[in-house]
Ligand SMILES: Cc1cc2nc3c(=O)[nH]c(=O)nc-3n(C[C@H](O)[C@H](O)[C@H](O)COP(=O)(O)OP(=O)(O)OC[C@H]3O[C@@H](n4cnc5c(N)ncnc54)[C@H](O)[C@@H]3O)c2cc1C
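Okay, here we've got a single chain as structure tokens, the form predicted alone, with questions on binding and movement later.
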């Protein structure tokens, strides 16, 4: 095989394949390595994405992977009261991610990128402190790929970024434990909305979800703060209780897939670039701190990184300083929003069940949408008038 490329992308998830496609479209000789034997499997998310995020990276929805239109969400308070956020039209989709990721890889390959699956990237190759390739293993055979640029899109534990000396560790307080079943045979009254459940008994410092993929099929999962896990209080145990307590939905249903994993919900990694290296997606902690979703942020960061990386390659300068344009633009854009959402997460984690019930009383649908976008300037004034008990927390975390 050819062992010299302009760019090597490690990880063929949404971020890796978007980066590979953009690089290849710009004439960059690109190789993608992925440790999985099948792109897209196993999935590690609830598979929701919004329309705007697809448009940002030039993807048109395809019914082969955009299984269910999302028209809004129903949020359930700790006491079970529903709060409907109605967007009135298709705002997003629940995906079949296994097909979606193959779709992204197919487009990158058609653009000229080369892929190797079941290939473990073991670490970067360094010369004089500069990343100049990747050491890897395929079916027991070790080899080295030389490249002028490496993009680490290898997930939350990012072996590639760490091997280059970047700190991508997560504190336990910024790490959620997730567990999910894909289930069939559910009795869903409203399969056109996402269903999200809050409360200390349901999911402490997190939430449970039902994301419909068909009228009787859905991803049913939970995310809780990792440091709260312990005997009897692990994510799976909370989820099993959640299901057992709702026979009107789950009686007669069965799992057809199980997924679990960690979710970084802190701020972005301290540094996203090094000489010859860029980090994107979960590897860079580019994940929404409120709901833990990362596909949209990862794809946009990868697109940006690929544009900057391709320009740097054409100029013959892949220094940390040159590649730093990617980090600067990202932090001034999505990074600003994530820092605001991080403050909102810190605030939300201090609320008890009574406070959450009060939010249902005083917020409207438009205000909830604003909160999901990191817009919360109105909250202090609203709490002053309608929820003075919550006001001190709001002033502490949101001002």
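Computed from a predicted model, the values in this text were never measured in an experiment. Residue numbers count along the first chain shown, from 1.
Although not depicted, the form predicted in complex with this ligand is the subject of the following passage.
The three residues 266, 301 and 338 each lack any heavy atom within 4.5 Å of this ligand in the predicted complex. Listed residues 198, 211, 242, 326 were compared with this ligand in the predicted complex; 211 is the one with a heavy atom within 4.5 Å. Contact with this ligand in the predicted complex, defined as a heavy atom within 4.5 Å, holds for exactly one of 147, 168, 119, 193, namely 119. Look at 245 to 253, 139 to 147, 315 to 323, 155 to 163: in the predicted complex, residues with non-hydrogen atoms within 4.5 angstroms of this ligand sit in 155 to 163.
Using a 4.5 Å cutoff between non-hydrogen atoms, residue 218 does not count as a contact of this ligand in the predicted complex. When this ligand is considered in the predicted complex, residue 289 lies well away from it, no heavy atom lying within 4.5 Å. For residue 309, no non-hydrogen atom is located within 4.5 Å of this ligand in the predicted complex, even though that partner is not displayed. In the predicted complex, at least one heavy atom of residue 44 sits within 4.5 Å of this ligand. Residues of 10 to 41 that come within 4.5 Å of this ligand in the predicted complex, judged by any heavy atom, are 10, 11, 12, 13, 14, 15, 16, 33, 34, 35, 36 in sequence order.
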